[in-house]
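Take a look at this single chain in structure tokens; it is the form predicted alone.
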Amino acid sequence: MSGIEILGTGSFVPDFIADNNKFSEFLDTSDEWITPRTGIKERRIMTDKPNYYMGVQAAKKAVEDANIDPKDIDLILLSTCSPDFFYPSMACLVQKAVGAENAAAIDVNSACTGFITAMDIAQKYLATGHYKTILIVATEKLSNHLDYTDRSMCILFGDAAGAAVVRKSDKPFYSMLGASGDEFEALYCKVNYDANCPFHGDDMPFYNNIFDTEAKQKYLQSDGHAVYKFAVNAMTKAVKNVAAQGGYDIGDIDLVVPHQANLRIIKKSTEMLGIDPEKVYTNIQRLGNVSSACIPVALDELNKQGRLHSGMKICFVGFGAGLTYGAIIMEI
């Protein structure tokens, strides 16, 4: 199977830092309550600019790092579950801003699994030869989706964006994507329409009364126990699947970059897989959960730290609303 060469990476995190103590100013919570349950110490919040702005900054940095002409980009795949517009696609806004005038532009939404999904799509396009240079962007402004009176949810998420420029390579690449749509109620955020169509009726009966409060109609909702159980099982299953595809033992993996949802989920799933904690990269302590931007932001951090070396086997693994999950093992 043909693989992917990562030509460049980029990321953007807002300047405003919301540490755990800031939440104790308006909620019955504390650092002592938050940290043991989540592993999060602080998260970044975009206070004055839209989501696509972050994606543009990350994309520009990735293009610069790749040292390519933006006109050489054939396709932009942008992952987000927190878009600024229903249409146009956020990818079109990035296309304009980076000057990728020859690129097609597509948005992808599989929630927190989005970057893995976009990488998988990119690999398939590159393998056919239809596109040669693809810009992948994941940008998320989850602060727009949160109920800041709900201490169990608003402490978990932050805002950020990450990006990568990729081309086809002859190095190994193995991937799998999965979904469990019957568990969608475990993690969701309903579109809050404000329509005034005179022909509309009440659509709520079709949702079986799951949106039975104002908060459930407007804000991100999660069943923490169900998500934890699903995430641990799905992530271990996904890693085993892609390792088997490549004929790898789990110990052959040099570096694991998991979705940064909760430090307890990361620790439990990697323990079940028998992965050395030294091989697992986390930044949840500093950024919280930034949905599909988690993995590309971590990838850029690793790149800037000089920790990505030719020939190393890196695994991306995650899960998200849907419920979705997926994993990739590729050689750098």
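Quick note: we count residues from 1 along the sequence shown, nothing fancier. Quantities reported herein were computed from a predicted structural model and do not represent experimental measurements.
Below, we turn to the form predicted together with a small molecule, even though it does not appear here.
The small molecule in the model of the complex is not approached by V166, whose heavy atoms all lie more than 4.5 angstroms from it.
In the model of the complex, K267 stays away from the small molecule, with no heavy atom inside 4.5 Å. When the small molecule is considered in the model of the complex, D28 lines it closely, a heavy atom lying within 4.5 Å. Although the partner is absent from this view, L135 stays clear of the small molecule in the model of the complex, with no non-hydrogen atom inside 4.5 angstroms. Stretch-level contact check against the small molecule in the model of the complex with heavy atoms at 4.5 Å: of 246 to 254, 127 to 135, 94 to 102, 218 to 226, the positive one is 218 to 226. Highlighted residues L187, N262 and F319: every one comes within 4.5 Å of the small molecule in the model of the complex, counting any heavy atom. Taking a 4.5 Å heavy atom cutoff to the small molecule in the model of the complex, the contact residue among R37, K279, K49, R307 is R37. When you look in the model of the complex, the only residue of I121, M176, I106, L156 with a non-hydrogen atom within 4.5 Å of the small molecule is L156.
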